[in-house]
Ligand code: GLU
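Take a look at this single chain in structure tokens; it is the form predicted on its own.
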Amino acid sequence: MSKRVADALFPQIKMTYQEAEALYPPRNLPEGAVCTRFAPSPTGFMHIGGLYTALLNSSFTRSRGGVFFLRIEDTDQKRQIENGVTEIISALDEFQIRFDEGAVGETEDSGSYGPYRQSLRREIYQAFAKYLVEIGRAYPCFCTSEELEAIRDRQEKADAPQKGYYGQWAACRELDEETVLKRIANGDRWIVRMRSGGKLGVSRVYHDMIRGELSMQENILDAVIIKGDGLPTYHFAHVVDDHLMGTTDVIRADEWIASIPLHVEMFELLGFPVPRYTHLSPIMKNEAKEDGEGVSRRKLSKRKDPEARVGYYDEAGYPIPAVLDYLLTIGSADYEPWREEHMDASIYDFPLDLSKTGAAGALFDFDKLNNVAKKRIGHMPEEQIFDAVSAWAKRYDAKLSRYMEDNGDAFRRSIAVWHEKRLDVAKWSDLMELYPYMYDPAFTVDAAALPESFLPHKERIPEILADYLSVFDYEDGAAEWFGKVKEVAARHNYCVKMGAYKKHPEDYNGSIADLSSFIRYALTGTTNTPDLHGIIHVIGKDAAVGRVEAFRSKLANR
């Protein structure tokens, strides 16, 4: 092509590519520092895979010094949702992922390398596209969708070794200048394609920080760089933006591996240095096969999997630091042992080495997430737990929130019951599920279906509970309280020494463990709980007496 064609395509663009580049001076980064970015599209809720990508970008940058910025890739105007940028920013803020520059609102930016949303950078992209047309490395394409479909049909019939718009199949590639100018003047719709210099059958080695050397067919496609609406494609915008914004490392999802040859050619076509590429494997999920024979792996799906949505974790009540710990455990085999030794350290103190990130997709494992979360909650101070649960309950659990408002001191006492030396709670929603007997004022115990282990004792249980209530004193300490329980056990021929009971069980009605379980069940409706004396002093005297009496009465009247 020529300057005449370039001016006909972009008459409104007066800025030269040199002037555009001058707006973005090279970053003055310290030696060894990096510049990374997270570049989502505002087309829906934040996916956990997007959060994972943002976290690894942020962690990689923080551990090396430099700049991490947020760029909004909004060139696909049709798929955008209302307040989509706010959704992205809010999700990152919720998960404590901070960026140094970038979009800070639907229309606001912070930083010297903006605008940080691609829809506002149209003139810049067109300046570079105009330059490529001037030097003959890009050209207008007038093909309609029907004509492109016809090309694909001919390629199928000819069994073309590669499908797409290239070489002999690129209908507009060799149009002469006068024809092009005439069609532009006639108002024919056009897009702009780059003129690839690649050759079919020629491979090239590309480097990936995780996968190492990748031998791939070099790009031969004349890819679209400017669409019919004047905005760039993702491919072209990525190259222009990451050059101008000084990105040293592009860390993104592995779905873009196939685009490496195209992107590298675009960088080289424009004379830009190529950034280091790292392609992160997706987070996977096991799914039962349709035939019922075994399982298969697939990517977490926005449509199928609630855990794909980052809001799911806050709603369930997972502490944010626990989710971040889990994602970094997926991202690096070195993270978990590091965290074990540095429980109080910031995640950004971890020296993330992307070369040690797995190339295979990590399997999303709720058991592992729950274990990580239990350790994190187990390490949290009780006052921090109170504040976190209070904030969560106000948003998601009205019953627990009312309980905390009405019984704040009791809830504080309850934390020690399930927190000290225990790792039962992985998320705040577990509290009402595991401990309704502490947090539900309307809690009652059903005597209709007793545990099977109670059946040999069911005739004695009402009398035992009555005896227990006759000696119960709410003011007793734990040792004094349990001493009275043992006295009750002895009176009813329940052995108080487990060693003796195991030797001669036939001499007794049962053991102290059996008798204690009757009291425990009457108070909680379950035989497995944290410290029972602690529970009694959470629920209060009236409930501690009333529940046992109600359960005893139900059994006696059956």
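Residues carry their position along the shown sequence, with the first being 1. This one's a predicted model, so the numbers in the text were calculated from it and none came from an experiment.
Only in words, not in the display: the form predicted in complex with this ligand, which the text now covers.
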Requested in this report: Kindly indicate whether Y396, K399 and W428 are, all three, within 4.5 angstroms of this ligand in the model of the complex, using heavy atoms.
Outcome: no
Query raised in the report: Can you pick the one in K130, R252, R376, R195 that has a heavy atom within 4.5 Å of this ligand in the model of the complex?
Result: R252
Report summary line: If we test each of S41, T526, S63, N509 for a heavy atom within 4.5 Å of this ligand in the model of the complex, the one that passes is S41
Query raised in the report: With the cut-off set at 4.5 Å between non-hydrogen atoms, does E73 touch this ligand in the model of the complex?
Result: yes
Requested in this report: Considering only heavy atoms, tell me if W256 and this ligand come within 4.5 Å of each other in the model of the complex.
Outcome: yes
Requested in this report: Check whether Y234 has any heavy atom within 4.5 Å of a heavy atom of this ligand in the model of the complex, and answer yes or no.
Outcome: yes
**Report entry** Stretch in contact in the model of the complex with this ligand, which is absent here, among 31 to 39, 527 to 535, 513 to 521, 493 to 501 (heavy atoms within 4.5 Å)
**Finding:** 31 to 39
